[in-house]
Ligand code: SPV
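To begin, one chain is listed below as structure tokens, in the form predicted alone.
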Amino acid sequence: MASLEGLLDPENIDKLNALVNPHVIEQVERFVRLCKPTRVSVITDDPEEVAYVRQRALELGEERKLEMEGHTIHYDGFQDQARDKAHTAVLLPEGQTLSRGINSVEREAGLKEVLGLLNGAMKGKEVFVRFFSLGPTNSRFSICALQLTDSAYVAHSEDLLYRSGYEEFKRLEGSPDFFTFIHSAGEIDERNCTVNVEGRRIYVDFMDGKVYSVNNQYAGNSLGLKKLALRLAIYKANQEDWLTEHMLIMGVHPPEKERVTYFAGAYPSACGKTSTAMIPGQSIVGDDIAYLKMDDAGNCRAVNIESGVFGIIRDVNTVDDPLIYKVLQTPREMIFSNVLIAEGRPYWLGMGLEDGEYPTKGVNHSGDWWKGKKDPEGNEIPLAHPNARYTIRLSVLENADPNIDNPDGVVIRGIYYGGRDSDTNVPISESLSWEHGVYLGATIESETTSATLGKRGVRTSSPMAVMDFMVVPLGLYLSNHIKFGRNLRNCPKVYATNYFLKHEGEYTNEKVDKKVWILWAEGRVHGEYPAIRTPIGYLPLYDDLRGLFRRVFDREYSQEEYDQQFSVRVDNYLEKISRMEEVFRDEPKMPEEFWAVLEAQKGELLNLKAQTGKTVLKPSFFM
């Protein structure tokens, strides 16, 4: 312990000593010496110490109080508004390879670079030594996380988003089995924003269970416990036969029935993930990251590693997101980031003001703002950043599930995979098998709208909605999924969803219709609905959907709507299969089961086309 003398005061040394963990001491001593902060504050689970972090964020000017009690505003730098994919990389040992599209830097060279950037990065600043639990406390699911950061805003955000873990570290009994996150905002300006953004680096060292982040403040780059920890946990899970997923967890509550059925779900950005988790009448366990493990009875159980929400605020309004909007407009501890502040009140894009009148001046991520203000390139600066955020505790939502902090998690009975697709996938279908379900997740596509008039949307392959965070070869990841499901005695059913199907340029369903699709899946889990077997999966019967629309929305659902939405578009599915063959052809060590499912589906569709001469087949054809 002599190595900490002179670096920390006796009180803080005693806090570290109480953990009886030499690995924690070594990490703190190493990085305090490297980063050279002026002051070190070790924060335990004590509420007074946690409150001190928020107070420091206000004193340092990293956050500012707003008109409503508990609300604060934080601004990231003008060039620090989103995840920096170009400078986020996996530190890859020489001789190892990763899948397509995954940024990597040779490990030794990357460590030399980032440790050089961190050398002295905290001079003149206070470093907060934090302890968190990724997942509920006292749970076999959870992973301990040590965070050192010189940003009080980052540390405060983590208090809203994660469970305190100082006591959890004591349960490690001296083990090194924890993740470590080192973050420095680097040099900051008068607005407390990072200056040297050209030196922004976010490096993930999965070999050592560490994340290094420097010269940034945007939470997606600085909060190591979020998407950066996701990468570390994906590596860990794929060595230990469980799953770390970019998934929501929700409780589905069928009308007129006293039960709740838990589902997980993976969706790429803008494909319906948050809107699914927040469907009225259902409950939310988590909206972003899940750990899945098998219990002693052979069930799939899951926990949300977070206890809060770092959500995109754009388009949150009373119509589309009434529960979240209500939270944002009531007193509670909450952080807004990169929105417009005028007279102490927050404004964001798409908030649906009744009079439609936004302020014409105020303060935003660009500093003082006025309508018509332009950036150095001559582009008009919007009143709030499109990626502006809110940070809240999950427990403040009216639809928060009572099992959020259950150390045993919840039993997952079904999994949703969803993409954005205008012309192929039906609104919902059930996989023919677990292996087919893994195939459905692997072949998710996200479609964007081209700026060129008349040009078809561009589809991006997004396997399991997790490729941005992958640190193991995709083939290994998918093989482990197949193995995980086969080991379960009670395997979840898997569903492909698509809320974006169009006909003659118009969506074939309303936004709220997703509630019917997820309720049908819940009924299938309990054996309440028969289904139609097709090459693409099991489809709902018209009468069952018609009954659900009547009960849920008191609305008539026509045979014409059903046929339009649930017909099997043979040529379009064959085109998708061709795209998947191209995408995965060169992916090493893809599981044989993936290709077997693909070939079986392709063969059935080709046979149907040859037999019928039709390219679109109504569900009734398969009955």
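What you see is a predicted model, and the numbers here were worked out from it, not measured in a lab. In case it trips you up, residue 1 is the first one in the sequence shown, and so on.
Not on display, but discussed next: the form predicted together with ligand SPV.
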The one option of Arg83, Lys170, Lys236, Arg314 with any heavy atom within 4.5 Å of ligand SPV in the predicted complex is Arg83
The unique member of Phe141, Phe310, Trp434, Phe500 whose heavy atoms fall within 4.5 Å of ligand SPV in the predicted complex: Phe310
Within 4.5 Å of ligand SPV in the predicted complex, heavy atom basis, the matching stretch of 356-364, 222-230, 378-386, 108-116 is 222-230
I'd like to know if Tyr166 sits close to ligand SPV in the predicted complex, meaning any non-hydrogen atom pair within 4.5 angstroms. no
Contact test in the predicted complex: Asp288 vs ligand SPV, heavy atoms, 4.5 Å: yes
Indicate whether ligand SPV has at least one heavy atom within 4.5 Å of a heavy atom of His246 in the predicted complex. yes
Since only the chain is shown here, I'm wondering whether Tyr529 would be in contact with ligand SPV in the predicted complex (any heavy atom pair within 4.5 Å). no
Pull the contact list for 251-275: residues with a heavy atom within 4.5 Å of ligand SPV in the predicted complex, in sequence order. Ser269
